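Given next, in structure tokens, is a single chain: the form predicted on its own.
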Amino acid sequence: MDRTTCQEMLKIVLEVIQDIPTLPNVVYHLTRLMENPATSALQVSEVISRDQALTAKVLKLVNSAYYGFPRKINTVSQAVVILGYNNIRNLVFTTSVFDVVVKPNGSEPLFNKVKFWEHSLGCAASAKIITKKMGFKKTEETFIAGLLHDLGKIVLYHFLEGESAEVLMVAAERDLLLIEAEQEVLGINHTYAGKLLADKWNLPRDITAAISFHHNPLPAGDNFRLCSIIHLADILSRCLNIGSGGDNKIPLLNERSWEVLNLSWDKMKHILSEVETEMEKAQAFINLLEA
């Protein structure tokens, strides 16, 4: 693609993203609260509780089979105390993203929503298990990051259907990774489109990093380990044929990421065997988001 065409496509993508509705005000209020280390659980719960629909969704998710708490959690303040600020924050962001972008999409021949979310679920489930095997404490954060890692594909493949049809054709005919075909046809790819949307919505830095760097974690800075987990989880989801990432190829694993994750092949066998069980719980999570 020549420079002029690339600039035109970038302008179109920026216009599309500007037309996508913003997230609810509660999300932005919550973001500002989270930036203050003196914020209390009560303040967080009060902000969420102002939105009745969001409150009901958060409580449904917290009491779902995905978390498996033995006692019912009846209030947002209880949920904040039990799950912690970051996990509640990620639940609120994920619920809001679903309501704004995913639900209205319907289903199109080009964008197979079912296959897309199966792949996203596979990545999220794999990421959670990898995190546990590493002894990394942020299991819920990596699950959410895995779930939203391909957010940019929703932008490109739903809102730029004609151009994306050409991307899919080029990927199939030349046996390319989808991200390679996107770059060739559009001059940009879904990681960049996803970052633009994440920036517009002021999503948490770790989620934005996972969206931006899951194909190449090296530039991720402080989020290198998280992005490496999502990078490997994305590959595992493809290896296990869970849903579809839009192509039939498996990306190469970044050597530096593999070194940092420090997973033995024996642990990898256990991870693969546990993904199916985790997928069942993850599906319950998605079902509640879509309800």
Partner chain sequence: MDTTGEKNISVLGDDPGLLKAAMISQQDEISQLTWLCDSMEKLLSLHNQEQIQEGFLLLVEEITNYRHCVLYLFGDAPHQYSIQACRGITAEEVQTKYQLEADILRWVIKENRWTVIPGEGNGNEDFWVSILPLVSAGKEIGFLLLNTCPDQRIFTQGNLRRLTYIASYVALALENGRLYQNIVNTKNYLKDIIENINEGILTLGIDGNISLLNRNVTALLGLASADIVGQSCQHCLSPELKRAFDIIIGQTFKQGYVMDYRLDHTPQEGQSIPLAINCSLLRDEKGVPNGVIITLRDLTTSLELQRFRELDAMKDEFISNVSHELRTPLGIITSYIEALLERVKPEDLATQRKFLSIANQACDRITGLVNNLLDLSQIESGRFFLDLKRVNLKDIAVSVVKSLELCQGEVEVQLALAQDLPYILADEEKIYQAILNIASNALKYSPVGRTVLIKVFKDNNMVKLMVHDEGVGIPEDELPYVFEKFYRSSSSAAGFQGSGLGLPIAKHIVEAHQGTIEVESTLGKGSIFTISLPFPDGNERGGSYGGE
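Treat the numbers as computed from the prediction; the structure is a model and nothing was measured. Numbering follows the first chain given and starts at 1.
The same protein has a further form, the form predicted together with the partner chain, not shown here; the description that follows concerns it.
At a distance threshold of 4.5 angstroms between non-hydrogen atoms, residue 114 is out of contact with the partner chain in the model of the complex. Looking at residue 137, you'd find a heavy atom of it within 4.5 angstroms of the partner chain in the model of the complex. Contact check for residue 183: every heavy atom lies farther than 4.5 Å from the partner chain in the model of the complex.
Proximity of residue 29 to the partner chain in the model of the complex falls within the 4.5 Å heavy atom cutoff.
Only one of 245-253, 232-240, 32-40, 219-227 places residue heavy atoms within 4.5 angstroms of the partner chain in the model of the complex, namely 32-40.
Contacts to the partner chain in the model of the complex (heavy atom within 4.5 Å) from stretch 37-71: 37, 38, 39, 40, 41, 42, 43, 46, 47, 50, 67, 68, 69, 70, 71.
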